[in-house]
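The data below hold one chain only, encoded as structure tokens and taken in the form predicted on its own.
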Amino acid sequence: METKVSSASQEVIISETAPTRLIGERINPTGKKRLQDALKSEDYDYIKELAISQVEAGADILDVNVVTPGVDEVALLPKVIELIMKTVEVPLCIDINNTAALKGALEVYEGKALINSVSMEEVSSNEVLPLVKEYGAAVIGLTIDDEGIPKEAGKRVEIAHRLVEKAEEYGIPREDIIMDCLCLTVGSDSNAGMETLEAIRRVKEELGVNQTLGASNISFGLPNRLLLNQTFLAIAIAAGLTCPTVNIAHVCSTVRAADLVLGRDRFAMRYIQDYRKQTGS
């Protein structure tokens, strides 16, 4: 199944048979004081730097979130979307829960955007899905409902089925739905990783949709987070993850290695290119 997103000049195809596509997570102010300050002061140079550095590191898509205390999301998000579109050519993932801000961003976006996100929480699905249909976007679906994130894989898969069914009721084709089975830290639940992996496998088998994941959540609260994130990410790609949301600079080499082992890198070209970039050879 192919999910296509695009900018004004570049199309990205997400598929199990294609190389893993990377969604850059750095333009998200959660826990990032410098970015929060930049958004409050409209320091666009810093935002440009974040966009350019992620693309240079290997990002195929950039996630864009401006949610910061004291910021007018409705006014600011379209400005930031336009700024990044002029700075880099990759497609953008519009990451916002404010539907007025989302609509404003979609109105200025050139191409086919990816929307982050919709869930089975009643307010979310009823407000976001009509915009996905109206603007012909693709959307990330979260396996969460009004009762929260289930611990069990089976319940997450059930929510995924319900999300796909509801989206299709709005006329949104299945290939435009990217599922996020969500992961919780293994620091508080040693089975959290296995439940997420099982959910990914079942969503792949039962629904066939492409999948994303904020893989770094697996290591929250633990030492040597990078090692754990890289290990989990490689396993998740083998299970069916096709477009993770990540810090590109930290995991790009891991993803290139996983793609090579899984037969998604003809003649190891992407792996070798990444090695040369990392070593300067």
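Everything quoted here is computed from the prediction, not taken from an experiment. Each residue number is its position in the shown sequence, starting from 1.
Absent from the display: the form predicted together with a further copy of the same chain. The rest refers to it.
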Distance check, Ala257 to a further copy of the same chain in the model of the complex, heavy atom within 4.5 Å: yes
Are any of the heavy atoms in Ala18 no more than 4.5 Å from a heavy atom of a further copy of the same chain in the model of the complex? no
Does a further copy of the same chain get within 4.5 angstroms of any non-hydrogen atom of Asn224 in the model of the complex? yes
Does the 4.5 Å heavy atom contact test between Ser190 and a further copy of the same chain in the model of the complex come out positive? yes
Please state whether every one of the three residues Ile235, Gly263 and Arg266 places a non-hydrogen atom within 4.5 angstroms of a further copy of the same chain in the model of the complex. yes
a further copy of the same chain: the contacting residue among Ser253, Asn247, Asn28, Thr68 in the model of the complex [heavy atom, 4.5 Å]: Ser253
Note which of Leu50, Leu39, Ile218, Ile61 lies within 4.5 Å of a further copy of the same chain in the model of the complex, where distance is taken over heavy atoms; exactly one does. Ile218
Only one of these stretches, 190-198, 73-81, 97-105, 116-124, has heavy atoms within 4.5 Å of a further copy of the same chain in the model of the complex; which one is it? 190-198
